[in-house]
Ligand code: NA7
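What follows is one chain in C-alpha cells, specifically the form predicted alone.
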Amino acid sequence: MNNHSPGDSLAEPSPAMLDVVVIGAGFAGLYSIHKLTRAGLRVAGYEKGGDVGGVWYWNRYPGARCDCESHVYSYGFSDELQQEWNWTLRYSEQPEILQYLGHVADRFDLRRHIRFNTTVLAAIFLESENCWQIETSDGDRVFSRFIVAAAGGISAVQRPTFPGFERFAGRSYYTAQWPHEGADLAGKRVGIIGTGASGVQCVSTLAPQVQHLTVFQRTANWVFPVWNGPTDPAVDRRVKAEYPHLRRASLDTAGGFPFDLVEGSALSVSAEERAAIYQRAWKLGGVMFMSRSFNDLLVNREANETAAEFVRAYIRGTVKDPAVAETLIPVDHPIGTKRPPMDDKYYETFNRDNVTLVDLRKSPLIEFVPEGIRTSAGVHELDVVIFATGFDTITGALTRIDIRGREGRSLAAKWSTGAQTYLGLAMAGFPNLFTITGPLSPSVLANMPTAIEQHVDWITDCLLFMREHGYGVVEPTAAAEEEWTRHSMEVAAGSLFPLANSWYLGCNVPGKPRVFGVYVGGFGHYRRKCDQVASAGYEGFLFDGAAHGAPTAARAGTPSQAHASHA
C-alpha cells in the first residue's frame, strides 16, 4: 500500500482505493474490522502498538484491572465467542483482557488486516476525488473512501511538565505506557503522582512490594470497592445461558449494562432505610453503589450529599489516622461527578507503615531534585517516580492527528473551543469520517463494548445504505451538528457533572476549553435517537451534497430532551 493514486471512479473502488481505513485495534478497532470486512468492504487497520489491545496493550501497570464486570465488559456479537471464553475473575485484570482480545483477533482472523507499529499522522479529504489521503509513520500514503476512527477516548497520554525533572537521578514510568518487560520495584522507594483510576490501582498493588511508597495526591477521589474474586461457576453458567437477554437488556439502559437505575429519591426514605440501601449497594460493588441505590444522585445536590456522607463514614472508619482519613476525603466535587476509581484495598493501604500520603494542596510540589521530589514541606527521597497523570481524553486521540476536511480545515481547529459532533458519530465539514464512541456520545459513561458495538453496527448499516443507493459521500449538516451539540450541553448542565473539574470537561489539560465532552442523557435514549435518525433516511445527514428524502432543513430534527438522571 505504498504511494498509490486514487482511482477515477468511486462507484467501484480500484485496487489502489480502500473502502475503509480503521484507526486503532482495541475493542472498537477489532469489531470495526470484523463487521466491515464481513460486509464485503476493503478494509485496512492501522495500530501504533505492536499488537491488538488498544488501552489494554499499553496500560500494563501493576494492578491494572477493568472496573466493569468481566461478563459485561466483553463482545456480544458472537454467541460462540461468549460461550467458549471463560473469565477467571469477576473483574478482569489487564493480562486476561489482552489475552481475550488476542483470542478474538485470532478467532476471526483480524490481524491480517492490520498494520502494527504504525501511527496515522495525517488524513486529508480530497474533495476532487471524494476520498481521504492518509499519511502514516512508516512513510505510506494510502487512499480510502472512508475513515473509521477507533483510536479510543482514553488513549492520548498526558505528560505534564515538572520543574527540574531532568535532574532526577532515579527511574520514572508512566502508568499509561508501562514497559512490557515490567519494572522491578521490590525494595525501592517509590513515589506516585496522581490518584485517579490508574493511580489508585497502582497504590494498593505496589504497597506490599516496595520498601516505601509515597503517594502525591493532587485531588482526593471517591473510591468504590468491587469485591473482586474468582468467577463463581454457578454465576458463569447462568450468565452464559442468559446472554441473549442480558445483551438485549443492555441496549435500553442508562449505562449500557444489563441493569438500569432503581426508582426512588434518596430524600424519599428515612435515614435508617437510606443507610441500609447504601450498605446493600456498597456490598454489590463498583458502579452499582450509585446506580442500584437511588435515581437522583447525579441531579440533586442534597441527594448526592447523602451518598457522599456514607462514603465519608466508610473512609473514617477504615483509615486509622484521622488526619490521613480527612485528607483522603474529597472536598471539591460531588460524588460520582468524576470517574470514581475502583479498588478493594485502597483506603486500607494507608494504614501500612511503609505508605505516606502527601497532600500537594497543603505542601505543593516545588521541583524534582536528584534525590527525589521537593515539596514546600521538604524533600522526599525516591528511587522511582510513577506518573499516573492521565490522558487528553475524549478528543485528544483525534486532535493529535492532522485531520483536515473540506477546504483544508483542521479538526483540531474546529474543536479548539470545544467538541462539536452529530451524535458523536460524525462532524460537519469532514465527509466520510466516522468516530467510534466519539465526543458527545455516551462514550466513557457507558459500558464500552456495548457502546462500541452499537456505533459500529450503525456505521456499517449507513455504509451499506450508501452502497445500495449509489452514494459516495456522507456528512452531517451544520444544523444537525449544532442542534445535537446544544442538546448535549443542556443535558449536561441539568446534572451535577459540571460541578467537578474533571477530565470529562478537559480540565486536566492546560489550555483545553472547559466543555463537557460526553452525552449524559443515557445510553438507551441515545441508541433510540440513533435508530430514529437511521429509520428516517439518516435524518440530519447529507449524501453526495443533498439530503436523502425530505429537504435538509426539514430533516434536521430536534433531539428529545433526555433526563440527566439517566446518566
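So that there is no doubt, residue numbering starts at 1 and follows the sequence shown. Note that the coordinates shown come from a computational prediction; the quantities given were computed from them, not determined experimentally.
Separately, the form predicted in complex with this ligand exists; it is not shown, and the next lines address it.
The putative spot formed by F162, G194 and F391 is fully lined by this ligand in the predicted complex; each residue has a non-hydrogen atom within 4.5 angstroms of it. Just one listed stretch, out of 434-442, 90-98, 354-362, 261-269, contacts this ligand in the predicted complex at the 4.5 Å heavy atom level, and that stretch is 354-362. In the predicted complex, this ligand sits beyond 4.5 Å of every heavy atom of Y31. Among residues of the shown chain, T327 is not one whose heavy atoms approach this ligand to within 4.5 Å in the predicted complex. Under a 4.5 angstroms non-hydrogen atom cutoff, this ligand in the predicted complex has N508 among its neighbouring residues.
Within 4.5 Å of any heavy atom of this ligand in the predicted complex lies no heavy atom of H71.
This chain lacks the partner; the member of T318, T375, T219, T119 within 4.5 angstroms of this ligand in the predicted complex by a non-hydrogen atom is T219. In terms of contact with this ligand in the predicted complex, the residue from G199, P476, G256, G424 that brings a heavy atom within 4.5 Å is G199. In the predicted complex, not one residue of 226-245 has a heavy atom within 4.5 Å of this ligand.
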